[in-house]
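In structure tokens, the next block holds one chain alone, the form predicted alone.
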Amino acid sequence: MKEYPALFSPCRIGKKTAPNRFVAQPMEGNDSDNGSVSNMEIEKYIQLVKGDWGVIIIEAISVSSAALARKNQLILNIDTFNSFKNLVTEMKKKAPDTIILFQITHSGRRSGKKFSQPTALYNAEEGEHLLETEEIEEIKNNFIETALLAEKAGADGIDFKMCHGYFGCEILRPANIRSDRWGGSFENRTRLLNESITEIRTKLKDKSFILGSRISYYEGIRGGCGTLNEDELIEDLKQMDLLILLMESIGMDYVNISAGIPGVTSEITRPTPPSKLFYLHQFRYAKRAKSLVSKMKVIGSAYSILKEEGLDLAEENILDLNTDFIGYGRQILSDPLFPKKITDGEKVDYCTACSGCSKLLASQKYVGCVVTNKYYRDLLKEK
């Protein structure tokens, strides 16, 4: 069995220590119980903690029941709180040292029209509500309230979702040329993150509670994150660099690097076999972020497409100080026991990048691996 001492070494993140560098990225299962954590969700995350992941990020938890991208998306509020507390309790029983983060989000214009309310920050299209200044303030307050509920539920921290075309990402874009305090200047476009994190930090009881964010360094759309102005398409990362510097200056503990928009510029986000080399962009973004920060940790992405090769490259990136943690998304569906199997020298079920899980998500069905799990394979066949 080949050993990976850097990958399996502990690492500080904020004031806590992860037992290794493996991060289970947030992968939407679309299998809540009216927003509460379902038994299916609990079983899924118990399998993950059995896999000895250093960090597990609980998937896309909405801060508002009116802003759902999936009809069975998780929602954290007073009504669903106990289910989240139970989830953390059950996970901690199995793996007390694993760091558990809640990814909190608002789906914005990516909310489903059949079961939610799509909203837009700019250039609202048919069926989308253009948000008023006061409504954005309310969304900010929702993020703060949800983060504090996450702390109360026992989570080790939050991932403030600012990626993949959702509300947090949309507000960052140079294309966001709103004339109020939420758009136009870089200061205004980063106000949501800046003010939310600052207020959350002041209200936390647990001063070791981790605050981080997943960002799309470059979206691949005109005026998107990673461009310089509202009309630009070509990558220019200067403003995203400033975002990362801002995150460190306000005391955030990590940045989780991603790119693209699933369903729009998908291959940038999750490379497919024909576009495998897109992983090099993700590695480049993580290295760039790492070069900017001194205390804040960096989580790299796009390792699932690499299968066995990813382990060697992950070890190399950590040793070369190109990243601190290694994020896996699709791989956690194909084999939730992945890190433990590496340790034990067992055969791993590597993700084949067949996109079956993405097809399930797009059709609003429960999401899992269609290669390794017959239940999801049969579900994909259903009309």
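Note that the coordinates shown come from a computational prediction; the quantities given were computed from them, not determined experimentally. Position 1 is the first residue in the sequence shown; the rest follow in order.
Below, we turn to the form predicted together with a small molecule, even though it does not appear here.
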| query | finding |
| --- | --- |
| In the model of the complex, the one of Thr352, Ser358, Asn322, Ser36 near the small molecule [non-hydrogen atom within 4.5 angstroms] | Ser358 |
| Residue stretch of 338-346, 312-320, 48-56, 23-31 approaching the small molecule in the model of the complex, non-hydrogen atom distance within 4.5 Å | 23-31 |
| Non-hydrogen atom contact Cys163 with the small molecule in the model of the complex at 4.5 angstroms | yes |
| Contact test in the model of the complex: Phe167 vs the small molecule, heavy atoms, 4.5 Å | no |
| Contact test in the model of the complex: Val63 vs the small molecule, heavy atoms, 4.5 Å | no |
| Any non-hydrogen atom of Ile261 within 4.5 angstroms of the small molecule in the model of the complex | no |
